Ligand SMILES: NC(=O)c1ccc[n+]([C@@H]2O[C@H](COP(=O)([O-])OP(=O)(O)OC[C@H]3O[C@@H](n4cnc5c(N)ncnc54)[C@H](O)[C@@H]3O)[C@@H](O)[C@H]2O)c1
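Just one chain is shown here, as C-alpha cells, and it is the form predicted alone.
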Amino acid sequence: MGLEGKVAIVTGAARGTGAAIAERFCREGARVVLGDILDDKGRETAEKLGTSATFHPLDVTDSAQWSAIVDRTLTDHQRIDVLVNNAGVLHQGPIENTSEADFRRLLEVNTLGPFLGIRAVVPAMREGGAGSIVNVGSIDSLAAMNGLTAYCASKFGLRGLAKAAALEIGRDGIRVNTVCPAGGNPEMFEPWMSKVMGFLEETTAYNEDRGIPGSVPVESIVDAIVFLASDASRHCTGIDLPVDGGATAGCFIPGFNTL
C-alpha cells in the first residue's frame, strides 16, 4: 500500500488525525502539503516531518484559498495525486440549543469544505489521468445520534457528496471514498468533556458494546486512509469504509453468546 512518489494535500493537518495522516504519508514515500487555519502549529508540524512536507495556510471554506494551495502544490510538485479532506469541526447539543450559526458552520467546514476541495483538485487530477480523494467522515456519517444533529447532518452530506462525485469523475480515473471512524482527534470533544463526564456509564457502554470494544486508535484510521489513497484500492470508489470496531454492524449484548 505504498504511496511512493505520490503528491498529497491533507487538510486539518496541523494536529490530531490530520498530522498523523501527514506523518504516515511521508513515511510511505509521499510528498505532502499540509493545509490548516492554524499557521504556527501547521508550520511546526511540517518542519517536524522533514523535507517531504510543506505547510500552506488553508481555510477550507474559502474557494480562493483552495485555488492558492492547489497552485502552490502544482508549482512545487507539478502534480496532485491524493486529496484527504480531513478538516472538521464538532458541535454537541440538542436541536433547541444549536444556533443557526453553529449549524451553518458545521455544514461549511464539514461538507462545503470538501466540495470546494474536490472541485479545486479535479482539473489537475484529470490532467494526470488519475487521483484518489479520501473524505474523513465519522461513525456519525452512518448512524445518527441524539445531541449531534448538526454534526450528523454535515457528515451524512459528506457521504452523499463522495458518492455523487465518484460517479461523476470516475471515468477520469479519479476515485472518491469516505472513511467513517469511531475515533479521532480528542481535542474536538474538549469543549463538551465536562458535560459528557456526567454520562460516563452511558458513554462507556456505547464504546464497549461493539464487536471490538473501545475507541478506534488513530493508527487504524490512518491505515484505512492509506489504503484508499493507494493503488491497492484502485477499484474502490464511492464506498464508505467504517473503522468502528463493528459499532455499525449491530449491537453486542453481553452474555447472549452463552445462551
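Here the structure is a predicted model, which means the values were calculated and not measured. A residue's number is simply how far along the shown sequence it sits, counting from 1.
The protein also exists as the form predicted in complex with this ligand; that form is not presented, and the subsequent description refers to it.
Taking a 4.5 Å heavy atom cutoff to this ligand in the model of the complex, the contact residue among 150, 80, 133, 87 is 87. Proximity to this ligand in the model of the complex, taken as a non-hydrogen atom within 4.5 angstroms, holds for one residue of 33, 60, 228, 30, which is 60.
The stretch in contact with this ligand in the model of the complex, judged by heavy atoms within 4.5 Å, is 133-141, chosen from 71-79, 96-104, 133-141, 168-176.
Contact check for residue 222: every heavy atom lies farther than 4.5 Å from this ligand in the model of the complex. Using a 4.5 angstroms threshold between heavy atoms, residue 157 stays clear of this ligand in the model of the complex.
Although the partner is absent here, residue 185 is a contact residue: one of its heavy atoms lies within 4.5 angstroms of this ligand in the model of the complex. Using a 4.5 Å cutoff between non-hydrogen atoms, residue 109 counts as a contact of this ligand in the model of the complex. Residues are counted as partner-facing when one of their heavy atoms sits within 4.5 Å of this ligand in the model of the complex; in 6-33 these are 12, 14, 15, 16, 17, 18, in sequence order.
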